[in-house]
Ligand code: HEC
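One chain comes next, on its own, written out as structure tokens in the form predicted alone.
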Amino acid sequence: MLRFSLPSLFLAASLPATAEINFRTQVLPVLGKACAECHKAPQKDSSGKVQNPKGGLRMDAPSHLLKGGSGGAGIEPGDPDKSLVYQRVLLPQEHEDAMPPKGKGKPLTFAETEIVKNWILEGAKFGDWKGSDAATTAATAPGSPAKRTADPLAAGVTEAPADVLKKIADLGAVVGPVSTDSKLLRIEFVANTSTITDKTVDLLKPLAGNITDLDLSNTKITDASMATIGTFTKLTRLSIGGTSVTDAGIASLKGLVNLDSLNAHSTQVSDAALATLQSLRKLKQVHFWKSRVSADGAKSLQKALPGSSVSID
């Protein structure tokens, strides 16, 4: 029989509950030390070449961390074993996928990896940290010293149907205006991507006049979805990396005259699709790593679109 003395019972009852891990003060410094350098937004280096986030994984905002990259979900709330970030910080530095890689910093201590693991187990809550997700809103917030300019794409755009927005959000999308008070939308599927199909994209049709930024990376869409997306004439940014989209799907984008960024990494897109993209004169950023686009094809497209950056690695 187990016996407890009254003093020990009173002591146990008086112990304070363990405080929940704070992302901003405890987790963010650890990730910044190990991962931030290789996993930020695409940037040009001193030679003008675009440096893309390693493995397509960005870690500069909650939506990017949850979304992950070509290797899977960056963070799976409640499950460290399915969280790419946690798995990578456990790897020995000699491993090609280790974070940080050899020569880029010291490996995390056991205590630091435990902070990341326990934060994930607690549900991966970000608190008030918004990262780059808040950049546009902050720049255009009332009282901002920066001058606000009207977006010509927003002219004539009506309010998006609330019931459609809710339905999309319930399927695992982050949905929001691209700037304060804008009716133009950014939609990114960050959860349950394996269940996002052509039927899901059909649900976006009532939002055709609102969507300007669409991320369908690592979903199960096919070329059939691209025919629908090709009608989203306000679209400026499109991410379809890690999908089964082919050259036939890219051909459906010929009417997207406002498109300035296309991410088609890890697809079957080849040089045959480049003629369509050459006609999109506003296109400035194109990412084709792990696709079938050749180095010569990438150079040809970049030459056809003056001032653009086309990357294949």
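Since this is a predicted model, take the numbers as computed values, not measurements. The first residue of the shown sequence is 1; numbering continues from there.
The discussion below concerns the form predicted in complex with heme C, not included here.
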Q) Which listed residue (Q26, T246, S70, N258) meets the criterion of a heavy atom within 4.5 Å of heme C in the predicted bound form? A) S70
Q.
Looking at L235, L84, A124, V201 here, can you tell me which has any non-hydrogen atom within 4.5 angstroms of heme C in the predicted bound form?
A. L84
Q. Counting only non-hydrogen atoms and a 4.5 angstroms cut-off, does P62 reach heme C in the predicted bound form?
A. no
Q | 4.5 angstroms heavy atom contact with heme C in the predicted bound form for V190 | A | no
Q: With heavy atoms only and a cut-off of 4.5 Å, decide whether R186 touches heme C in the predicted bound form.
A: no
Q. Should H39 be classed as touching heme C in the predicted bound form when contacts are defined as heavy atoms within 4.5 Å?
A. yes
Q: Counting only non-hydrogen atoms, choose the one of 224-232, 96-104, 203-211, 152-160 that falls within 4.5 Å of heme C in the predicted bound form.
A: 96-104
